[in-house]
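Next up: just one chain, as structure tokens, the form predicted alone.
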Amino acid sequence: MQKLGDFKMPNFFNYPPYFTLQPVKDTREKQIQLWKELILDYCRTQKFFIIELEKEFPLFTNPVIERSLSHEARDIFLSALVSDGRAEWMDKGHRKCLILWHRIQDWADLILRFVKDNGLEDSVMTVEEIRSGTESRGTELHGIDRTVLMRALKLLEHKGKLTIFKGTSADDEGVKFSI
């Protein structure tokens, strides 16, 4: 089994036909499913949140078998993730895709668990502390994409679990938990 960094690639990654869009409907559906799972797993373990179609992305090329996904295949696989609610296009031209290996509601649940596990129920933190502070080290929240984090925080604010307040800059936006 091939590895990409510390990530073990699935067997199909070394099978050249999987780098070409399959013409038979059932085979293509299986191909799309395998690629969706691979993209989500890879992005989760490597903490990738954004894939740009025009830029190289490690999964989309296999130098061992000298194969790369076409632009069309990349678009189809990412669009399938968008259809499942596991990704969102960040622009009208479908050039940048935000990968949601957890849905926004799941990120919100992780934030609540983080707050409870760390006894932060009535405390104030900056958004940056949640993303990169010592408390979040070793959790899935550490290194979270700011867009994803803000969407999850806004969902929790809407549910009355916290209040977001503006600082003098985006770096010092605060969050007051009230769980």
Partner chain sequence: MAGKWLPAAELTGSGRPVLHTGEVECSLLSSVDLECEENPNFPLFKSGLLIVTTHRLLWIPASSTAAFAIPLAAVSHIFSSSSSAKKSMIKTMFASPRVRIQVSATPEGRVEEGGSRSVVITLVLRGKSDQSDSFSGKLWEAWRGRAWESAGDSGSSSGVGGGVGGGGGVMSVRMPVVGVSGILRKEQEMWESTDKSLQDAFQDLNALMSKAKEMVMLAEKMRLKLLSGSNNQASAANDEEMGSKEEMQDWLLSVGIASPVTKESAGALYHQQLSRQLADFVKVPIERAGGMVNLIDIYCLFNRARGTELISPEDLLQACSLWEKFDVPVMLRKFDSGVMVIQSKSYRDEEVLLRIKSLVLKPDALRTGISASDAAITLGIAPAMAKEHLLTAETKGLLCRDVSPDGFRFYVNLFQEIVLDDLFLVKDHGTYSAWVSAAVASR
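The shown structure was predicted, so the numbers you read here are calculated from the model rather than taken from an experiment. Residue numbers count along the first chain shown, from 1.
One more form of this protein should be noted, the form predicted together with its partner chain, which is absent from this view; the next part is about it.
Enquirer: If we take heavy atoms and a 4.5 Å cut-off, which stretch out of 146 to 154, 119 to 127, 37 to 45, 132 to 140 is in contact with its partner chain in the predicted bound form?
Expert: Only one stretch passes the 4.5 Å heavy-atom test: 37 to 45.
Enquirer: Is it the case in the predicted bound form that Ser79, Met90 and Ala108 each bring at least one heavy atom within 4.5 Å of its partner chain?
Expert: Heavy-atom distance to its partner chain in the predicted bound form: none of the three under 4.5 Å.
Enquirer: Is Ile65 close to its partner chain in the predicted bound form, meaning a heavy atom pair under 4.5 Å apart or at it?
Expert: Residue-level check for Ile65: yes, a contact with its partner chain.
Enquirer: How about Asp26 - does it come within 4.5 Å of its partner chain in the predicted bound form, if we only consider non-hydrogen atoms?
Expert: Taking the distances in the predicted bound form, the answer for Asp26 is yes, it comes within 4.5 Å of its partner chain.
Enquirer: Tell me, yes or no, whether Arg113 is in contact with its partner chain in the predicted bound form, where a contact means a heavy atom of each within 4.5 Å.
Expert: Arg113 lies outside the contact set for its partner chain.
Enquirer: With heavy atoms only and a cut-off of 4.5 Å, decide whether Thr61 touches its partner chain in the predicted bound form.
Expert: Output for Thr61 is no: heavy atoms all beyond 4.5 Å of its partner chain.
Enquirer: If we check its partner chain in the predicted bound form, which of the residues in 5 to 25 reach within 4.5 angstroms of it by a non-hydrogen atom?
Expert: Going through 5 to 25 in order - heavy atoms within 4.5 Å of its partner chain in the predicted bound form - the hits are Lys8, Met9, Pro10, Asn11, Phe12, Asn14, Tyr15, Pro16, Pro17, Tyr18, Thr20, Leu21, Gln22, Pro23, Val24.
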